Each structure stands twice: as structure tokens, then as C-alpha cells.
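Just one chain is shown here, as C-alpha cells, and it is the form predicted on its own.
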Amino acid sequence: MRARVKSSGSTLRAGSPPAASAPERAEDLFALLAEHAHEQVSLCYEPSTGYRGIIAIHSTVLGPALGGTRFWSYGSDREALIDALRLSRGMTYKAAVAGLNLGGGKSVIIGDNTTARREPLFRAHGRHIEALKGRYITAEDVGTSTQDMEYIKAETNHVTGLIGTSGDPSPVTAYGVYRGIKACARVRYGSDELAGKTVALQGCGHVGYHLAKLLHAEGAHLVVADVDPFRVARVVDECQAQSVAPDEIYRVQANVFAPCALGAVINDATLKLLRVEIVAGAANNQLADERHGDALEARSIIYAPDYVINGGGLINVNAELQGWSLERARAKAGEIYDALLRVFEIARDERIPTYRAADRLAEERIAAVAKVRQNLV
């Protein structure tokens, strides 16, 4: 764990200002790091801007750790740390399954993401990233924008998602999810045709909207929900979809439930409401707990592990780093179809839930590359 980082002659200290830190909390924090098996976690505080940031590097075995910067008002420093740890681990597995030469990382900035004082805050974050000397590359995420990435760029080159580069990742992400749903249909129904199938789509934002267009073009029937009525209205109008209240989306009788909004939507309360045969969507961390993946398996509901099916966003960022064309990025996202078929094959052969099979697939690639590197030393 990296507790202190030198920047511009001042010391950036772990977590909150020293007066707010209690010595007895150190044991708790180190236990969290041990549990998630991270390579490095850096916590920085810069008093002149009020910057409080955490960068979690889970693994660099496959390449530099890549993951977005999330700007959020967390309930506690511990909550922010857990979010960074969990998300960065997910990025490692997402890159591994997608076949990318990237590791997994994530950063969070603790604070009000509606603030107008963004340049000094994100330049401080850029200095934090620069201190890690290329082990971590960032991009935009919840609460951040391409303009924020430009501020980071002023302090470090280890940033992607800049204005005029890879652009909005939503179309590529949605295409990968669409291909993933087709893979699920192939396993469930013996054909990947979606014409005539009903999809309950939760979330009509950027990714949800593009996914709805793809599903509609193939002839799927859509039932949609979102907390924003304007987003719903657009999908209803352009895709001849039926709308339901946000809480009712779980009760819709459909072939597929596609969560494309919040995480932890598969939980004790919603599981008993689901009337579907497939869960496959773009949202991160869809399972509130691993046992909910076991529960889906027990009900014979096919679950497409989220970090496999939503890997198109990471593929889009990698395309910027590698100088790929949009067509090549889209084709790479289309390979999510094959990755999911491999996940389902492992799950069947080893008689394990699909979320565990996805972990197995990711870990196999990481271990294989690590072994090659050891043998070449």
C-alpha cells in the first residue's frame, strides 16, 4: 500500500487529514487490502484543493492497470476504498477475458461531483497518477467527463478518453452487450435469433438506448424502465417499446432481463420477482452478493457475468491507446459472444455457476501470462 506521495514539494497523506484518522482503523484497512489481493493502493490528500483520492491497482500482470476515475460523495472513506478495490479487481478480470494486454485499476475522488472548481482538483489527481509512473492509466467514469480528463492531461500522459479521441464508448459497449445476449440465447434456445423475444431493459441512458436500437432492429420486443421519463419516451418512440414504472421492471415476464443502470440489482428482494430465463446487461456489479449468482443458477436462469458482457467500454478505451479504428474496436467487442460461450462451456463442464466460470477464464489467462514472464526472466 502506498501511503504517501510526494508532489510539488508537499506531502499528500493517506485518506483524510491526519487529525481525522484513528490509529485503530489501520488494521481494518490492511485487512481489506489482503482480502482483495491488490498490488498497490495509493491514498492522497492535497489540502489546497481539498483533493482526496484513492488509486487502486489490482494487477499489472497483463499490462498497465487501466480504469476510470469515479467522482462521488461517499458515506465514508472506508466505503470509497471498498468501491475502488472492488472495481479495480473487476477491471483486471474484464481485460483478461476480453483478451486485452491491460491490467486492472480504478481511482475514486471523494467529494461533490457537482463542484465548479474542477481544474485544480483534477490537476491534483493528475499529479497523483503521474507519481505511479505509468502503472495506472485513467479515463472518465461516473461523475467525470472528457473535460476533466483534459485537466488530468496537463499533469500526466497516463490518461485516455480525451476530447476528440475515442469518443463516447456507449455504442461499442452496447454492441458487445447485444452480442452477449445473442450468445445467451444460443445456449438457452439453440439459436441466437432474438426476433420475437421479449427483453426487459432497465435503464435507457447512453448504453441502454443504443442497446434498445440494436435489439429493436432485430425484431425483439422491448419493455423498458428508467427513472428519467424523457429517456423512456425516446426509446418508446424510436423502438416501439412498452414502458413500465422503474420498480415494475423486475416483474415483467420476458425472455431476457437486461440491467443497464445501477449495480446490485440482483438481490434478495428482486430475485423472487424475476420472471425471465436470461439475465444479461451492461450494468457493473449486478450481483449484490455472490450467493445471488448461485441463486440464479439454482433457478436455471442463465447469467452473463457483467464484466464479460460489458467489456466493450474497456475495448473502446484500448482502441484509443492502440490507435485502432472504430470498426476494429466494434469487431473486438463482437468477440464477447465467443468469450461468453467459453464461460458457459466451463460452467457446464465443471458444474459451477457462470460467475465463477468467468473468474476461472480470467485467472487462467493471467496465470498463463505470468508463467511466461517468469520463464523469460
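From a predicted model like this one, the values you see are computed outputs, not experimental measurements. Each form is matched to the other, and the largest set of C-alpha atoms that superpose within 1.5 Å is called the rigid core. Residue numbers here begin at 1 and follow the sequence given.
The form predicted in complex with nicotinamide-adenine-dinucleotide (NAD) is left out here; the points below concern that form.
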Query raised in the report: When you measure heavy atoms, are A65, G103 and S107 every one within 4.5 angstroms of nicotinamide-adenine-dinucleotide (NAD) in the model of the complex?
Result: no
Report task. Indicate whether nicotinamide-adenine-dinucleotide (NAD) has at least one heavy atom within 4.5 Å of a heavy atom of H206 in the model of the complex. Result -> yes
Query raised in the report: Is E238 a contact residue for nicotinamide-adenine-dinucleotide (NAD) in the model of the complex, using a 4.5 Å heavy atom cut-off?
Result: no
Query raised in the report: Going by a heavy atom distance of 4.5 Å, is I82 a contact of nicotinamide-adenine-dinucleotide (NAD) in the model of the complex?
Result: no
Query raised in the report: Quick one: is D112 in contact with nicotinamide-adenine-dinucleotide (NAD) in the model of the complex, heavy atoms, 4.5 Å cut-off?
Result: no
Query raised in the report: Which single stretch, out of 72-80, 254-262, 181-189, 293-301, brings residue heavy atoms within 4.5 Å of nicotinamide-adenine-dinucleotide (NAD) in the model of the complex?
Result: 254-262
Report summary line: Among S42, N310, N318, S59, just one has a heavy atom within 4.5 Å of nicotinamide-adenine-dinucleotide (NAD) in the model of the complex, namely N310
Report task. State the residue from A200, A282, A96, L211 whose non-hydrogen atoms include one within 4.5 Å of nicotinamide-adenine-dinucleotide (NAD) in the model of the complex. Result -> A282
Query raised in the report: From first to last in sequence, which residues of 223-246 have any non-hydrogen atom within 4.5 angstroms of nicotinamide-adenine-dinucleotide (NAD) in the model of the complex?
Result: A225, D226, V227, D228, R231, P246
Query raised in the report: Once the two forms are fit on the core, has V97 moved its CA by at least 2 Å between the shown form and the other one?
Result: no
Query raised in the report: Any chance the CA of A241 moves 2 angstroms or more between the shown form and the other one, core superposed?
Result: no
Report task. Using a superposition on the rigid core, decide whether the Cα position of L87 changes by 2 angstroms or more between the shown form and the other one. Result -> yes
